[in-house]
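Just the one chain here, laid out as C-alpha cells, in the form predicted on its own.
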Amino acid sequence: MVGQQQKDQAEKWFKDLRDRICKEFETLETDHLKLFPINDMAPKRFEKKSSTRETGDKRDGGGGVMATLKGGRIFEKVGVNVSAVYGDLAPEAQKSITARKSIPELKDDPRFWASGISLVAHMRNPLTPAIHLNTRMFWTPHAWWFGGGTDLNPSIENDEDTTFFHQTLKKKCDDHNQNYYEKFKSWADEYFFIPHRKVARGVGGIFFDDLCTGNWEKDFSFTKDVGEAFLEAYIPIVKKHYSKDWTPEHKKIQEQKRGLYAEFNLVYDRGTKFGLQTGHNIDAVLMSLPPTAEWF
C-alpha cells in the first residue's frame, strides 16, 4: 500500500535532485569564469523563492520552491522547481485522469497529492542545446503513478550530441526494462511535437506517464534513474560547447527555436495545463518560457 512514507520519500528525492543539479550548474558557471573570462560578467547563482498554492479552498494546500538562475555566463535562464501539492482535483483535471486510467470517477472522492521536479534550461550560447527534465509522483485514493521524462532542444542540431544523449538514456532504461527505451522514446517523439507547425520540438528523449507496475519501489527506482540520466547525459554536452564562438545568425536561429518552444509549452504541455487547473503559482507554472524569443 502506498501511503505517507512513500510520498515523503518521493518528495525528498525530488528536492535532493534539485540541489545536485543546482550545484552542478553553478560549478559550470564558476569554471567558465576560470577558463573563459567575459568582460565583467560574474558567474550567477540560483535564487530560491517559495510559493504556495492558493485556490480559495481550505482543503487545498502545499506549494513549492522555485530556484532560478538568470543572466549567467552559460545559462541565460534556468528554472528548477520542486513542489508538493494536495487537495481536491478540479473537474477538468478529473476528466483528464479518468480518461487515461481505468479508475472510478473522481467526483466521488477528488482528493489528490502530487510532488515532482521540473527543470528547463535556456542557454546563452546557441550551440549549446536547451534541455527539459520532469519527474513526478501522483496519488489519488484509487491509484498512484509516476511520470516524466527529458528531451534535448538544440538550436543547431549536432548528431554527436543527439546520439550521446539517447545512448545515455537507453542504458538507464535498459537497466530496468529492455522495452522501456523504445516505448518511452516513441512516446516522447509523439508528445514533444507541435501539430500546428508539423515539427518536433527538439531531437527527442524519453517521456512516460501513468507508470504503475504495482511495485512502487521498482517504479520509483526507475524514476530516480531518469534524474541520474539527465546529469550524465547533459553536463558533458554543455562542457563540449560552452566556450565555442557563435554568430548573430546562430542567435537568430536560437530565438526562433525558442518561439517554437514557447508555443508548445503554452498550447500542449500537460504540466502547464495541470498547474493552471490546480491553482499553482503562475510564475512557477510558466517558468519554462524562454527569456527572449522570435517568431518567423
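Start at 1 with the first residue shown and count on from there. Just so it is clear, the structure is predicted and the values come from calculations on it, not from any experiment.
In what follows, reference is made to the form predicted in complex with a further copy of the same chain, a form of this protein that is not presented.
Judged by heavy atoms within 4.5 Å of a further copy of the same chain in the model of the complex, the contact stretch among the candidates 233-241, 60-68, 22-30, 261-269 is 261-269. Within 4.5 Å of any heavy atom of a further copy of the same chain in the model of the complex lies no heavy atom of Arg100. Contact annotation for Ala293: at least one heavy atom lies within 4.5 Å of a further copy of the same chain in the model of the complex.
A residue is said to contact a partner when one of its heavy atoms sits within 4.5 Å of a partner heavy atom; Asp161 fails this definition for a further copy of the same chain in the model of the complex, lying far away. With a 4.5 Å cutoff on heavy atoms, Asp16 does not count as touching a further copy of the same chain in the model of the complex; it lies far away. Proximity to a further copy of the same chain in the model of the complex holds for all of Glu76, Asp283 and Leu289, with the criterion being a heavy atom within 4.5 Å. Arg197 is the sole member of Arg197, Lys171, Lys218, Lys183 with a non-hydrogen atom lying within 4.5 angstroms of a further copy of the same chain in the model of the complex.
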